[in-house]
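Take a look at this one chain, the form predicted alone, written out in structure tokens.
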């Protein structure tokens, strides 16, 4: 999801594209898998509470995905379905799109639960760290 699509989705949800929200979106477009501190460093004119609220709003609209990759929360634009391989040594994060999970085969023990999404993180060592 690029900036134009994210703005359209935000406005479609009834929210304004304020300068603060735009700054956070631009920061997310620059790089995936950022921590809150990294996002904040890219838009220092936006207050910390506003960054938190903006990330929550963008997450609820399906524009941003919050990830926990072992070193705290990280954020990325929710562009496409993909998963992550994380190097436990250097922290490098790479993405892969081929999904080994079949949603139809997930446990269906609760009739009142509808699967909408899933994530998969694979931990190991990258080629440079082996």
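As the structure is a computational prediction, the values presented were derived from the model and not from experiment. Positions refer to the first chain, counted from 1.
What follows is about the form predicted together with the DNA, which we do not show.
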Consider residue 119 of the chain shown here, and say whether it contacts the DNA in the model of the complex, taking contact as heavy atoms within 4.5 Å.
no
Does the DNA get within 4.5 angstroms of any non-hydrogen atom of residue 101 in the model of the complex?
no
Against the DNA in the model of the complex, would residue 45 count as a contact residue? Criterion: heavy atoms within 4.5 Å.
yes
How about residue 9: is it within 4.5 Å of the DNA in the model of the complex, going by heavy atoms?
no
Can you work out which of 41, 73, 29, 90 has a heavy atom no more than 4.5 Å from the DNA in the model of the complex?
73
Check each residue of 20 to 34 against the DNA in the model of the complex and list those with a heavy atom within 4.5 Å, in sequence order.
20, 21
